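Take a look at this one chain, the form predicted alone, written out in structure tokens.
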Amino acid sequence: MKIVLFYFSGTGNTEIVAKTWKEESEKQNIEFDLVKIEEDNFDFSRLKEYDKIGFAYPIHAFNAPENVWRYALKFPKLDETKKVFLVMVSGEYMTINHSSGEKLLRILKKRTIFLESDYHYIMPYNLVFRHTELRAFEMYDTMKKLVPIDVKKYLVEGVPNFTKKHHLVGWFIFLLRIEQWFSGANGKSFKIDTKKCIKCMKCVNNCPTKNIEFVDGKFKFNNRCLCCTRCSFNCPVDAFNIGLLNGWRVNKPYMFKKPDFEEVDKHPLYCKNSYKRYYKEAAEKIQNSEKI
């Protein structure tokens, strides 16, 4: 079996999940190619080589990021039907997130590529607020336990997975695509504290849409921002102001290790029931797999 997984990752969470899918697939002797969407160097004539096609992405305002579905528009219509699986990554386990791929799937359907399976993994926020290191580790650890099960079930045993969806969310998700317009407009209002900035140019060099330029000694922001927050999240001196969303700014990568220090969880009630449901379902899946 030969698999290709196209992925976009803003601050690295989705990339971690995508690489885990690759690692676990290769343990099962499955050939698995990872293609980074932003590099945009894939030869689409090769799609016929693959048994299954995957897309992995972070959920932005309950939708796939704009660059993900725009990438799918480049796919040619295939001569034979192909199956696609989705790997969705978000900071909360809400049912509405499970329909995030609607537009992407409509585009792929026109190219004779149809949904066969989908998965949703929880990873820590890079926007809204910062999760504690313990919560981040719990999310990471749960994902690392779930992916081997999902890979074996789907790619080895041929058993697909479908996340629970609500039949009334389509119109709501459509309305929330205004976030994609807002991201471009808000991105132009980003500012950098020049007193803090060390001119490392990480933000310029790593922006997935080349939205940030350094011209004549000044930073320039254009209207191509995806609101992935890769720039502000990874800024080594926390020099960013991200416009209207600055109150939600999160800075500094997570350790993804169990901390040996105590932290106060400032948001213990946030999405409490959805997290509880996610961990309960994950524990049941892990326990059932161990019985086999």
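Start at 1 and count along the sequence shown; that's the residue number. No experiment lies behind these values; they were computed from the predicted model shown.
The form predicted together with a small molecule is left out here; the points below concern that form.
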Since exactly one of Val147, Val89, Ala136, Leu104 fits, which has a heavy atom within 4.5 Å of the small molecule in the predicted bound form? Val89
Select from the listed residues Leu108, Val151, Met143, Leu127 the one whose heavy atoms reach within 4.5 Å of the small molecule in the predicted bound form. Leu127
When the small molecule is placed as it is in the predicted bound form, which of 221 to 229, 259 to 267, 33 to 41, 47 to 55 ends up with heavy atoms within 4.5 Å of it? 221 to 229
Taking the small molecule as it sits in the predicted bound form, is His60 near enough to touch it, meaning that at least one heavy atom pair lies within 4.5 angstroms? yes
Taking the shortest heavy atom distance, is Met123 within 4.5 Å of the small molecule in the predicted bound form? yes
Glu116 versus the small molecule, in the predicted bound form: is there a non-hydrogen atom within 4.5 Å? no
Spell out, yes or no, whether the shortest heavy atom distance between Ser99 and the small molecule in the predicted bound form is within 4.5 Å. no
